[in-house]
Ligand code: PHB
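Consider the single chain below, provided in structure tokens and representing the form predicted alone.
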Amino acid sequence: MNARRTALAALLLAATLPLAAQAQSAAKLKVGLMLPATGTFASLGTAIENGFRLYVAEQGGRLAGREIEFVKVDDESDPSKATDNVNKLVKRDHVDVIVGTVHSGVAMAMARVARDTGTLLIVPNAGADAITGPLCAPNIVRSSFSNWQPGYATGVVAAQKGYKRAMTITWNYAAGNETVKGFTEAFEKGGGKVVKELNLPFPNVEFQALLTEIAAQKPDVVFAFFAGGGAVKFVKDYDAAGLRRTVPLIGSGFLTDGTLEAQGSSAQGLLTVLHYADGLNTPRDTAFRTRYAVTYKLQPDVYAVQGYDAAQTLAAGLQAVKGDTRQREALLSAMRKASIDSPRGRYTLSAAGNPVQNFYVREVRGNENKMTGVAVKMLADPARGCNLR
């Protein structure tokens, strides 16, 4: 009798498992968008969300059969509010995955919560090196870059141009400082020397005293890292100070991405380096740009691409498990092994979860960052301090 009961129980369990999987796969997938909706980086947050939603729309509003429910939190680019904000998504809203954010300081807090709770985190911009360095975890991946990458690639270009003495200028926060370190590493490896590092508190945009110091020092080149509204004002102030005619300015591509219309003539001819550029002229990029422009009546930028690829990365994991997020290890493994067919060019993820990708030299022409060459092919972040291998 006991054997018959055991067999019957096993049959009942086997019958209910497919039904449970179907019910789970039919349930909405809750995606927490923790992005800036106000402040200096608000437009960047909008572009990331637009890109993510565009990919979902292309899949008929579902990823691997799961309808997407979005839960949004404005992170205000404020690290002091970051832990509370991400905990709202995890503990109050019980999201399945978090997508965010722009500000590296905020993203660091998000990564810590993701590690502690095991929540899947996809970072669509913030490049804090520690996220795919000491804070790396199997449930954390990026669709963007590490701060080291664009800085290093720009340093390669500056050295190749024969510049010997450089000054750097940025906000005094993780993104700026780490990008400058990457630039310095490559520039000095190439025979140059960074003679002075200038910075100011985030999001301060009073540049005049620092511009006066640049004029006095007369370096061969200035490397700048700013983004959003701060980048607009810096480029215009640099031009107004007369420095554009005497000291070449080169920057991480965020200096001119999503900012060209506001920067106007002050940005013309500027060289920047980034993992995306206008004029790639590939079928994948052309199709993406066309759909984005039709959908949002805007031209896409690197932030839109990173949001789009965050959705692609999530989809790769979901497709591997047919939407069943309870198959956690298989989902995470599939995301990390995916080859992402990005508008920027196909890329893969490193063992640390960071994109291995091309970095392009761009020149501002009109309202475009036109690709003029490849700075470094398939550049991988060194992932210093990460134990995932």
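So that there is no doubt, residue numbering starts at 1 and follows the sequence shown. Predicted model only: the values in this text are computed from it and were never measured.
This next part talks about the form predicted together with the named molecule, which is not shown.
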Triple contact flag G258, Y276 and R362 to the named molecule in the predicted bound form, non-hydrogen atom at 4.5 angstroms
no
State the residue from V95, V180, A227, L314 whose non-hydrogen atoms include one within 4.5 Å of the named molecule in the predicted bound form.
A227
Position in contact with the named molecule when the complex is considered in the predicted bound form, options A304, A175, L270, A114, heavy atoms within 4.5 Å:
A175
Looking at 348-356, 39-47, 332-340, 53-61, which lies within 4.5 angstroms of the named molecule in the predicted bound form, counting heavy atoms?
39-47
So, Y308 and the named molecule: in the predicted bound form, are they within 4.5 Å at any heavy atom pair?
no
Taking the shortest heavy atom distance, is A153 within 4.5 Å of the named molecule in the predicted bound form?
no
Even though the named molecule is not shown here, does N147 get within 4.5 Å of it in the predicted bound form, heavy atoms only?
yes
With a cut-off of 4.5 Å between heavy atoms, is F234 one of the residues that contacts the named molecule in the predicted bound form?
no
Even though the chain is shown alone, can you say which residues of 95-113 have a heavy atom within 4.5 Å of the named molecule in the predicted bound form?
V102, H103, S104
